[in-house]
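The chain below stands alone, shown as structure tokens; this is the form predicted on its own.
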Amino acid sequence: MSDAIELQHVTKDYGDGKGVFDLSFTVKEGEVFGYLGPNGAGKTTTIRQLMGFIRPQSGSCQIFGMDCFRQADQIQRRNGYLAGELTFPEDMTGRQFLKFMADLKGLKKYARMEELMERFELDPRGKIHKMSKGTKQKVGIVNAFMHEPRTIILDEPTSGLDPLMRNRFVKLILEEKKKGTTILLCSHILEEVQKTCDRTAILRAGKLVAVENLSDKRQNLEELFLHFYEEEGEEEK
């Protein structure tokens, strides 16, 4: 498999130890890659650089050979993306927003969009600003997947969803995996990562501390996960 996502020696330093530092890893085409770490570890900073929203101070980010900052318009149009903190034009209904985004992405038919709305029991008729956190999250999921992109980047995608919808989301990820979609999944939910990911990386204080193959190291991942989260909690006391 070729590399779909590649970061080489990426640094974005915000000061006071915040940011990411000399970060290098690759995600293979068709792989589901978990990206874990405590709050403030640098996960969202990494994702924002991959989407071309911010530029690395040094190093490079590429998706299928495209420079994530120089070719940000193509990256944002072609790839699926779900932000950790959702912001929508709140004067729109859910359906208006999704159709608007579909048009921006060049989507001519809405069959996949309708299928995903039905799967996640999303009623898109209401104004977004009146929607619950979980309903907004469903809008974000539909938006990320509806144009069937080759690469999807997800930042805490099941935040606000109930257990039934989380299970449906896991099934969706596994379906996309069979299709060969490349997925970068940032999550705090270990079970979600264990069920879907081929490999996972753990980030701490902006630096990569471990990359694990989940085919034979699921228990080891749990131990690492708990170790770094507990260690982070002790530092905050």
Partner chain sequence: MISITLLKRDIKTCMKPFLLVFAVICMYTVIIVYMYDPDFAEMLEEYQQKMPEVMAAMGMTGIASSLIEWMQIYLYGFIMMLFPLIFIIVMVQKLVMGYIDSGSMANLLATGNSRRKIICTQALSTVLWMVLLMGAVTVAGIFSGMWLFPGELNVERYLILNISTLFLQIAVAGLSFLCACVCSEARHYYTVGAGLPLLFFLMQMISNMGEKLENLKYFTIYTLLPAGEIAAGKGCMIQNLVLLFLAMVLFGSGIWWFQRRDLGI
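Numbering follows the first chain given and starts at 1. From a predicted model like this one, the values you see are computed outputs, not experimental measurements.
Below, we refer to the form predicted together with its partner chain, which is not included among the displayed structures.
- A heavy atom within 4.5 Å of its partner chain in the predicted complex is found for one listed residue only; from D103, E148, E115, D123, this is D103.
- Although its partner chain is omitted here, in the predicted complex none of V193, K207 and N213 has a heavy atom within 4.5 Å of it.
- Residues of just one listed stretch (115-123, 129-137, 158-166, 90-98) have heavy atoms within 4.5 Å of its partner chain in the predicted complex: 90-98.
- Within this chain, H188 is remote from the site of its partner chain in the predicted complex, having no heavy atom within 4.5 Å.
- Although the partner is absent here, G30 is not a contact residue: none of its heavy atoms lies within 4.5 angstroms of its partner chain in the predicted complex.
- Within this chain, F69 lines the site of its partner chain in the predicted complex, having a heavy atom no more than 4.5 Å away.
- Taking the partner from the other structure, its partner chain in the predicted complex has no heavy atom within 4.5 Å of any heavy atom of K171.
- Heavy atoms closer than or equal to 4.5 Å to its partner chain in the predicted complex belong, across 44-68, to the residues R48, M51, G52, F53, I54, R55, ordered by sequence position.
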